[in-house]
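Structure 1 and structure 2 below are the same protein chain in two forms, each given by itself as structure tokens.
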Structure 1
């Protein structure tokens, strides 16, 4: 007789997966009774519970990082301790220690642990805002303008870390932008969650573009979104974002080579996602069909990257223009060649 036994590690796995996070979140609620209220603790120590609850740190629990906090806090007069990030992020800390940034910025100078999320859940614009807290946008733009063509466009379409870290794998991330009536200067901005929610009219925000809500956006759905008259003030703006973020801040030699991004060939930069704003301030990323940026006229009309973007329609139009341009000189030359004897005969007379 065979007796089935559950694996010995299963109860432990269940404990780690469900029990500990549940206990941590319950403990967090006690802290947020005060810390969610700016009037109680001040704006500096206020924590937005909606945002914090969706971070990885929330699953650890407040006291995992603030170990000095007791049940008598704040009446005990003990200042809450802060966690040493290296305790959990040892590999990242070692990588960061080798970069030039480590002498000028601590982890908390760039990352607020109460809102920290992975790169897929953060917009490219938010990534750049972290850099701009130290590196002024105007000064950075002017320095890049000394050698980088169309500097403003590059700064708008690239998170700094796509070029200034050792991240090798970049993808195209499309964001829904809202256009102003002028469409000039800063007339474009990321559509906010309340705006998208209103447009969704009670449905999920993803249904605005993922019409069958299968968590996959086809080229057909991209075309439908861009051609829908209801979306005339909405467009898809693409950014080249790193798929895997590193903390090795340096500029690799291949970043000075334009072909790192502007690579030719149908396979270049064809991994795409659409990223949508969520209520908690994060972004929901949905995979798009391969070749989205090849459909430059209908799929991604507001994103064109020289060397990587292709369009079959534009290819045909280009061939027609080239062929049409060749008709006159070739036809004229051919006609003169065929009638050369008649011209020679007339000259002899």
Structure 2
């Protein structure tokens, strides 16, 4: 029996893994003839072909979510049905339903169902864009400025969800930033795919940093990226991103406590990644060398987290300087005490 079963099982498996998605994608093409073309359907109904094809939802196929679409579409004038996320993402939906934020926003307010990606493939800046439509940047900055020092910096360097989801495990993700052309003002932004592609000169974009292309970024490679004069206009910027996203968006008591992030020691973040823009708008995450207490980040001269990434060498030099200042009070003071008689004598004269 077993002998017969295996050969039968294999084709089914092959069918499931390759043929069904292929059919689904072919089915997608049926719809995308019109829907990838803004001239045919208008900008509001356009779906970016390249982007959609690489998302987790591409394998489902358009019809899986728009079940009521008919062969007469769009001639029938009936708007096809749109799937409810809850049907497939039960755990997250149940978690979100319990949160206080559930009354404020629906899944679709934050997610575009045609651009469904996990957090590792979304840049920190894009994550914040999910919140920005309701929580305007200026308003959010002002509200946080009531208690958060360096608010603009925090808002730029942290996705909102690092502070507003329960996930305790954070990593440092480095992005390639394009520097601003002007000296003043906050003109910097994430480097785009075309910019990086041009710089890579035909090679893969990851080779810009991962020079030996082993899908692993060593400290030396980070340093080489920074010191390469070709990369003058680029720099690496670290963001603290949560490793897992929980959907109970709320204010967490321990995020009031700055030492949740601003402390060194064994509890501090050790893991870091480099995240690079891909053609389809997603991000490719490559692991960077693990280092004792963020040592990996010494490769990036521009990442400094007060209280957490201080240099031990500087601490020692600083202490030596301060000790130098004690020489006079201690040394002179001792001699002064021992020779106090000399001065009393003069005083009496």
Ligand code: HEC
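Note that the rigid core is defined as the largest set of C-alphas that superpose within 1.5 Å between two forms. In this text the structure is predicted, and so the values were computed from the model without any measurement. Residue numbers count along the first chain shown, from 1.
Chemist: Two forms of the same chain here; which is the form predicted together with ligand HEC?
Modeler: Structure 2 is the matching one, since it is the form predicted together with ligand HEC.
Chemist: Is residue 142 one of the residues whose C-alpha moves 2 Å or more between the two structures after the core fit?
Modeler: No, its C-alpha moves less than 2 Å.
Chemist: Comparing between the two structures on the rigid core: C-alpha of residue 76 shifted by 2 Å or more?
Modeler: Residue 76 C-alpha, core-superposed: shift of 2 Å or more.
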